[in-house]
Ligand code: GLC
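One chain follows as structure tokens, the form predicted alone.
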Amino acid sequence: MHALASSTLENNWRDGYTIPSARLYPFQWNWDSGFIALGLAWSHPPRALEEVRSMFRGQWGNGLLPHINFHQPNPNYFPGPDVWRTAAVPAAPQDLATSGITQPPVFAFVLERLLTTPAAELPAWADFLAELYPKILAFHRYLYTCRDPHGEGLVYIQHNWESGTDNSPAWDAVLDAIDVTHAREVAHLRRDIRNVDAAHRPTNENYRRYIALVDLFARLGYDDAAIARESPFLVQDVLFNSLLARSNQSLITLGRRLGLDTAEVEAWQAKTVAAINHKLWDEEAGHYFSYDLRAGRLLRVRTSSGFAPLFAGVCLPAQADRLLGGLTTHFMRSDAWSLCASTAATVPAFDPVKYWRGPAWINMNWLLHHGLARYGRTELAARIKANSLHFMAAHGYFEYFDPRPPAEGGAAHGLGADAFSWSAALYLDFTLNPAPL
């Protein structure tokens, strides 16, 4: 399995960066790149540094770190640079095409994690850390400056793709409310459903809404203030904000290691931790939910994103107890199920094979494993890890997996893209790096 993971990362390496999967994703993706670096740190340590540097080549002048870097042309993906139309945006890099939105902020805790790997033993490590720290800080500053309209410590996402959990049922109500009367049809432009089973991917109706948002952002010139006024999708995502909080912690740790003043980050962190527990926690449900700024409501759909505050370490002990009570009740229908479904099995929209509407994902399991360990739930943490390793040993390094057992209809194979980079990378981290995070 280690050799297969290393060869998967090798085969997906593209002269300075790693693609998620040749079948579906021929460019460099933001949070994929962070998780991939954790595997490269064991299979080819110098490449872990190259991977992160390559992602930050696409950083905009205002600090935004885009969710895709289009390092070279490839027609096997939609939407490409011609749809995003970021080249004319003054803040965008002039020598690299990028998308115009971001993804969950993982790089600060990735750098902290790299300290426990062979990558930190490289002669170039000290210069690398000093180089990347201000860039990550600038990304966080962008988020708090441009995406926190009420100054409450919670930043919003303006597109479901920014959540990383693209077609989660959590976004259904927001997406369904978008007026697509004049939106263009895009079904004929999609490449993903030609390369994998369409039943495992978002619907065409969803994609129409996704591209309607992109077209709106491009028309507004990616002006954050204008988007905040006009975008129908403005959500304070619990996963995004939890990973921001965990990355803030790492920025504080790394900043002190570098002898820097971390007061700015500490102020952000205090607000974010308080806001997650005050605004995104639902006492009745015992779960964390995202908040729809447009409708002024919690999006009460139980998903695995609601466990992310465990990884961030922001839960109070009583909240952690309530939260974990739902893990083995809502997210599995019998003890034979594997953890953890991306959408609770008790949610009507649960679909065990459709992208983020039910399948288990290795990166989310990795986050949950470390969150459980942080709160002393060692038995559950071990179970999450064992389930994750079993998925990959049984089926290979696929993008996602059916959490149901075979006797209850579970898929006998992996789902989505095969030879998926962050699955391979996190297999290496799961098995070779015992350090807590």
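Since this is a predicted model, take the numbers as computed values, not measurements. All residue numbers are counted from 1 along the displayed sequence.
Separately, the form predicted in complex with the ligand exists; it is not shown, and the next lines address it.
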Quiz prompt | the ligand contact at Glu399 in the predicted bound form, heavy atom, 4.5 Å | solution = yes
Exercise. Decide whether Tyr25 counts as a contact residue for the ligand in the predicted bound form under a heavy atom distance cut-off of 4.5 Å.
Key: yes
Quiz item: Quick one: does Trp42 come within 4.5 Å of the ligand in the predicted bound form, counting heavy atoms only?
Solution: no
Quiz item: Is Tyr355 close to the ligand in the predicted bound form, meaning a heavy atom pair under 4.5 Å apart or at it?
Solution: yes
Quiz item: Gln269, Ser250, Thr117, Gln103: which sits within 4.5 Å of the ligand in the predicted bound form by any heavy atom?
Solution: Gln103
Quiz item: Going by heavy atoms within 4.5 Å, which of 408-416, 48-56, 30-38, 373-381 lines up against the ligand in the predicted bound form?
Solution: 30-38
Practice problem: Just give me the residues of 148-185, first to last, that have a heavy atom within 4.5 Å of the ligand in the predicted bound form. | Solution: Gly164, Asp166
